[in-house]
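Presented as structure tokens, the chain that follows is alone, the form predicted alone.
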């Protein structure tokens, strides 16, 4: 008899992540790819990659969880047994690894969040999805402007002896300020660390505004791989920042753990490319709401729809 395995997928606007765990929450395999504004094909690619790494002979996937911005769409594609928001998924994953965690700082590709934990329960949280100045996408675009490989950005930033101040109120101001500083001859490393500090200040003054940040503090999301940003957080908060090797996978890890309570006799197949999935958006004119309805088709058969604010949209 095969051992049980649980699949968690976190699909966001920038990246798509997957984790497969065993009964003891050990990670059997994982994958991380870019979404490229196409969540359906991103998940097909992700599942294909997992197929080449998964031990079919020893394990069988018995539940699937999805989280992230496209969780409903991907959940219906894969027949997920649980679909939950990323706040809950990140918290569950982090608490499993750090039972005493009090504060979770997360900066992703296009949004950021803070989650406060009290006795292993979410006590408060906040998200920023409106401003890109404190996100991974912003940092990547500025690295290109400076002709710096994003993977080397943190190391270059740590060489700074005199970091400069970058206006961090919004992307437009920050980019304008960066261009000006580069033109008048500031060193790349000083600009790079100035950017790291600006991201931290933006986060603390917006996302974490009014929140009491207590230790232990865990930093996760794609930007947690940037050691320059880690140092800037530690300098500003005057506290140690914990960063895990799987910090960028924590949403997928958390939803995989949550899926264990929703085990089912799944007919899941890694041969997902055999199926054609597509979405079509239609407007419901059956009442004054005029809702936009998202229709999901599998091999041209309607399998689900959402977006309705009343029962008319389901007819």
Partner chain sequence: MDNKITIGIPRSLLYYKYNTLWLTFFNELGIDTLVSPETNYEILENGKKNTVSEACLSLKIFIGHVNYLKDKVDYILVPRIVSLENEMKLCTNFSALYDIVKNTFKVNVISYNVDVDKGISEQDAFIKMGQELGFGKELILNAYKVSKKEEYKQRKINYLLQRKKLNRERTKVLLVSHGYNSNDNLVGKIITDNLKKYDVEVIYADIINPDNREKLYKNISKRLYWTYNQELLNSIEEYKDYVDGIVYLSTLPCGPDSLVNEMCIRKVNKKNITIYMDELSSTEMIQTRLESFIDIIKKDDIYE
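Residue numbers count along the first chain shown, from 1. All values derive from a computational prediction rather than experimental measurement.
What comes next is about the form predicted in complex with its partner chain, which does not appear here.
- Across the options 37-45, 255-263, 55-63, 274-282, residues that bring heavy atoms within 4.5 Å of its partner chain in the predicted complex belong to 255-263.
- Checking 88, 160, 201, 140 against its partner chain in the predicted complex, a heavy atom within 4.5 Å turns up for just one residue: 88.
- Of the candidates 214, 182, 227, 127, 127 is the one whose heavy atoms come within 4.5 Å of its partner chain in the predicted complex; the others do not.
- Proximity of residue 239 to its partner chain in the predicted complex falls outside the 4.5 Å heavy atom cutoff.
- At the 4.5 Å threshold, heavy atoms of residue 26 stay clear of its partner chain in the predicted complex, well away from it.
- In the predicted complex, none of the heavy atoms of residue 165 sits within 4.5 Å of a heavy atom of its partner chain.
- Put simply, residue 209 is close to its partner chain in the predicted complex: some heavy atom of it is within 4.5 Å.
- Residues of 56-77 that come within 4.5 Å of its partner chain in the predicted complex, judged by any heavy atom, reduce to 71 alone.
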